[in-house]
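Only one chain is shown below, in structure tokens, and it's the form predicted alone.
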Amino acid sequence: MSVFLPSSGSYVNIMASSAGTEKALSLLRRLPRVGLSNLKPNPGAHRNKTRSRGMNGGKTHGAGSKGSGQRQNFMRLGYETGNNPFYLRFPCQNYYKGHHLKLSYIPVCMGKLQMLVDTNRLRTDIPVDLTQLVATGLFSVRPEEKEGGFMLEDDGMDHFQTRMNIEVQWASEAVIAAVERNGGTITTAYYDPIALGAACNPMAFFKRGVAIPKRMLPPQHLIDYYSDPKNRGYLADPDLVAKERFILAQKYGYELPDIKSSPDKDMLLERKDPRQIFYGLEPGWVVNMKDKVIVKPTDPVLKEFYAS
């Protein structure tokens, strides 16, 4: 359908314009949300600072020292003024290969975990995850310094006598055996830096009024660890995990408690979705701290975007 516009003296196809609008809107719905990570200033909003000529006093008028120093001819990174540079003096070693991708983990020994339970600083009637451990006030995780969460160590595991459902980021075989020997369950799960920041300080995250993001999957070099049932990875097959529980009990010589007959069966078997950050809160929900309500998405496009 075409309509004549007297102001321009031409015909405009309304159907074509509406189809283009719908196409543009559907494209916008699938683009990433606006955030600090993808914002940039308008062209020409910032200008690079240039050296002043007559504004500054002194011997060099703010230009610095003589020679290349006053011409802003900065040396490239790694240049050592003619010397053999560091990266050529020392050869590459396999030990440091991919060191920029490696994460460090905050150690939590099992003796200290038992002490937190005995002093009522850690609840065992609910699943214990990264948020619960940080809430004790004794630990802190800094994602900006390449810290990936908590690593459960075997110090004091002979004194550990608590049945709990705990989720950490790294655990050894002896630690897994110590938890399961007491009738508990353990899961190793990966958190990306954005999810880690939200899980460490949920109150500050909720006050921002943004939707809970999806937890990203592990990078390529960690996929094998979190998919292995021996490590109780959160991406492993539950049937294979049950089989490995029985094999580990035979290896360490203890009788595996039956979780299904336990009064805390629901709590011990509770697991997060691989894309979920908080227990009981799904990705895409907005927690309004002021009104104390939870806003859930209703748009089918948003539901599809935040689906696991």
Partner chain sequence: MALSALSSARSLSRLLVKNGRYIHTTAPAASFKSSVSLEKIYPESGLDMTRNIQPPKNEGINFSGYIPVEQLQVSYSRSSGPGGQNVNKVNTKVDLRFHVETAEWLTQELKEKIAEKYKSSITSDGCLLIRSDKTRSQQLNLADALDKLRHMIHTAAYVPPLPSSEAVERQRRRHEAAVRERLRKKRDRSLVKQSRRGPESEF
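Computed from a predicted model, the values in this text were never measured in an experiment. Numbering follows the first chain given and starts at 1.
What comes next is about the form predicted in complex with the partner chain, which does not appear here.
Listed residues E80, D118, E145, D237 were compared with the partner chain in the model of the complex; D237 is the one with a heavy atom within 4.5 Å. The candidate stretches are 85 to 93, 173 to 181, 190 to 198, 100 to 108, and the one lying within 4.5 Å of the partner chain in the model of the complex by heavy atoms is 173 to 181. The closest non-hydrogen atom of N231 lies beyond 4.5 Å of the partner chain in the model of the complex. Taking the partner from elsewhere, R29 is found to have every heavy atom lying beyond 4.5 Å of the partner chain in the model of the complex. Under a 4.5 angstroms non-hydrogen atom cutoff, the partner chain in the model of the complex has F206 among its neighbouring residues.
At the 4.5 Å threshold, heavy atoms of K292 reach the partner chain in the model of the complex.
Contact residues in stretch 208 to 226 (any heavy atom within 4.5 Å of the partner chain, taken in the model of the complex) are limited to L217.
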